[in-house]
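Quick setup: one chain, the form predicted alone, written in structure tokens, and binding and motion questions come after.
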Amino acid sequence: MEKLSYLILSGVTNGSVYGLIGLSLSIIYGSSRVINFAQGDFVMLGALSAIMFVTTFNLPWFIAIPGVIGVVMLTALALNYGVYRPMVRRKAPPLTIMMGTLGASIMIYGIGLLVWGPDQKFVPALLSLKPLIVGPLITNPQQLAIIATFAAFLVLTWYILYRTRFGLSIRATGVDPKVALLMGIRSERIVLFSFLFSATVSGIAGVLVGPLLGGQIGMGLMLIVKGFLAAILGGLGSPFAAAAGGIAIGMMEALMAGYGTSLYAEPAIFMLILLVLFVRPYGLLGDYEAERR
């Protein structure tokens, strides 16, 4: 029972990270119908910027966190104005725009390589990493912060989308951008907000997961793959379905590592997603969220 409790906690922690990335991917996709392949690089920028502000510049966290958010937001602005908007104005198809985000990802990776180098670095922890006993569970404050942040962003996303007029504009743009434009909704602003909000989510995820994984310029690649799988499994068009997919993948990884071998975790995840897509092409919760909108 103690082992199962530990595995569940580990799965929820990892799943929260995958869910945050899946949520951020889904937000951009919902407003622009484009998958941002540079999303994982915002996680890397979050972790490595935390090293720069806290370790290199010796700044306190209450200054470093806004600094990290500023770095990822500036990068998101450059991506939006330098890649997305020029291609949209030239009426490029979504696939071409996605290739543009892939090229931007390679550029961000190269800049990160020049700034921080290829070696893995120690990321300072926002909270303590000392063991903390919570009932039958042994965890630490940093893990709990990841889960709490995941829950907080879910609530914030729900509130923005379903309790504000701006959220109604976001959902209308996602359903039909042309009709939304005829109704007076400026889709460019909606997409810009999606890029900035998603970059903030991924950057904060990098700050929180960095101390557990270590900071390295290639860390975003593995995480965006898991986040993309989470979005596909749950339903790419819904942030909440993508978040649920992240939890499912995290739990599956942890249970297979605990009761079997981690070598088969990723093939099993791909097989599960393939089977789900045969039965439900829009993901486990995709149809439900589409009806709600």
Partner chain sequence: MTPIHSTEGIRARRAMLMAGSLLAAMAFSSGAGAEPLALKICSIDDRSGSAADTGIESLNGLHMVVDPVNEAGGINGRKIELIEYDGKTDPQLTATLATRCAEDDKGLLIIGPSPTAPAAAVVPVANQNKIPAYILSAAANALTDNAEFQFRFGPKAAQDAIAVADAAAERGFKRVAIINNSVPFGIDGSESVMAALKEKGIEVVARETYDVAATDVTPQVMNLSSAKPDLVLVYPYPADGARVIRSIRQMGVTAPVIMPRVGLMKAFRELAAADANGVLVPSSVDISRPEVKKFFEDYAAKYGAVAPTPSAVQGHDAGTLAIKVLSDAEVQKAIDSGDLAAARLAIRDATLRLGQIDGLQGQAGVTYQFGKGQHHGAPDKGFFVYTEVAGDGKELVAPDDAKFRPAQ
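Just so it is clear, the model here is predicted, and its values are computed rather than measured. Residue numbers count along the first chain shown, from 1.
What follows is about the form predicted together with the partner chain, which we do not show.
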Revision key, fill the gap. Among Ser169, Thr75, Gln216, Thr200, just one has a heavy atom within 4.5 Å of the partner chain in the predicted complex, namely Gln216
Practice item. Identify which of Gln143, Thr157, Thr149, Asn80 has a heavy atom within 4.5 Å of the partner chain in the predicted complex; exactly one of them does. Key: Gln143
Review point. Does at least one non-hydrogen atom of Leu223 fall within 4.5 angstroms of the partner chain in the predicted complex?
Key: yes
Review point. Is the gap between Val115 and the partner chain in the predicted complex 4.5 Å or less for some heavy atom pair?
Key: no
Review point. Does the partner chain get within 4.5 angstroms of any non-hydrogen atom of Leu25 in the predicted complex?
Key: no
Review point. Looking in the predicted complex, any heavy atom of Gln120 within 4.5 Å of the partner chain?
Key: yes
Check your understanding: Where does the partner chain sit in the predicted complex: which of 129-137, 192-200, 149-157, 67-75, heavy atoms within 4.5 Å?
Key -> 129-137
